[in-house]
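Have a look below at one chain only, the form predicted on its own, in structure tokens format.
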Amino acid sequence: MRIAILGFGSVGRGIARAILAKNLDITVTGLADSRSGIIDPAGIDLQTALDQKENGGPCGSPEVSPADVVAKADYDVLVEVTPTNVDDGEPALGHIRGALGRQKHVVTSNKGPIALAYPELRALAAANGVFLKYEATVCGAIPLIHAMQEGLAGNTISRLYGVFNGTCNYILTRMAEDSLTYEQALAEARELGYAEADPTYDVEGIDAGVKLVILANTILDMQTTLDDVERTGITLLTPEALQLAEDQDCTIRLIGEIVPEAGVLRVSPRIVAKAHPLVVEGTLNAVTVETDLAGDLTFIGKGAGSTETASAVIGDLLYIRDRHVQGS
């Protein structure tokens, strides 16, 4: 199986390390980030590319762009793991369109294109007889999309809710544990690399909202945008509010929720009983799915991270290989 990787930051390097560590019979024939790229039909030396990148150098030649890899490399699957842009989905959206148009499968961790243009991309994939897989867009290592599409096929999902953002969960965990202020917990999260310099995307509930849109549109057959999500972030929460919850043997978590029949998508801080399975610690994610046949199921795991996201991408790649590439 031949793949091309676009994006060689934390996730892209995690995928490269996983391919090197495991005998997956995957050859990388194209690789690019925003600064450089390389195309080699015989297979790229991933260890050399990793060493160069981690020493501050380019992964390839500055004359090779991501667009060149999409259009010219010889691959079965494009792995699109460039940084997310939820405003217009670019440049990832163009990369994905280009690969699907070449009758190449696509695996992506990029939330922008899936949240903004899934119906178009699904139709383009179907017209070209290829797969579009996006497990890594929601909840990192948790195989939530696969479970809902495959394992729960035939179930009616009446409600879905959970902790979708590890940064917020860490902040709220620390505020509850040590009575930290929001600002103190955020500073700690930044020091540990859990929060960006500008944390707005996480703490205002945008990241969780985009994940709800992806699940609503791709699994629950809804037609929604981020504007349809009622959003309240965690920036105004105080240690006193968490203490009041503590006095009731509860805590506060940023909960994303979808109620398909009512057309409701919302993200907001909620008081949750400490014994509830959604009360997970640190940067974990947890999602409960309410169904008619299987009952309530709760999925818990690491929602972000280089290796964790690579796990979801590799899972999608092997799904495609087992169902399509080997038989083609």
Partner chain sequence: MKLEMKDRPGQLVAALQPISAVGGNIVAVIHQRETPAVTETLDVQIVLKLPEGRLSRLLELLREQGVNVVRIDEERLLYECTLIMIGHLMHTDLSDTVDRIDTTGSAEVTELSLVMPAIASPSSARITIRSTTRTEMKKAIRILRGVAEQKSLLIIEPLEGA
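Predicted, not measured: the structure shown is a model, and the values here were computed from it. Positions refer to the first chain, counted from 1.
Just so it is clear, the following notes concern the form predicted in complex with the partner chain, a form of the same protein that is not shown.
> Can you pick out, from 206, 141, 152, 241, the residue that has a heavy atom within 4.5 Å of the partner chain in the model of the complex?
If I apply the 4.5 Å criterion carefully, the residue I get is 241.
> Consider the chain as shown here, without its partner, and state which of 184, 158, 232, 128 has a heavy atom within 4.5 Å of the partner chain in the model of the complex.
The residue from 184, 158, 232, 128 that makes the contact is 232.
> My question is simply whether residue 262 lines the interface with the partner chain in the model of the complex - judged by any non-hydrogen atom within 4.5 Å.
Residue 262: no, not in contact with the partner chain in the model of the complex.
> Might residue 248 be said to contact the partner chain in the model of the complex, defining contact as any heavy atom within 4.5 Å?
So residue 248 counts as contacting the partner chain.
> Is residue 276 near the partner chain? Define near as a heavy atom within 4.5 Å, in the model of the complex.
Yes - in the model of the complex, heavy atoms of residue 276 and the partner chain come within 4.5 Å of each other.
> Can you tell me if residue 252 lies within 4.5 angstroms of the partner chain in the model of the complex, counting non-hydrogen atoms only?
Yes.
> Please determine, with the chain shown alone, which of 185-193, 220-228, 158-166, 94-102 has non-hydrogen atoms within 4.5 Å of the partner chain in the model of the complex.
Contact criterion met by 158-166 only.
> When you measure heavy atoms, are 146, 294 and 300 every one within 4.5 angstroms of the partner chain in the model of the complex?
Not a single listed residue reaches the partner chain in the model of the complex, so no.
> Taking only heavy atoms into account, state which residues of 260-297 are within 4.5 Å of the partner chain in the model of the complex, ordered by sequence.
Contacts from 260-297: 266, 269, 270, 271, 272, 276, 278.
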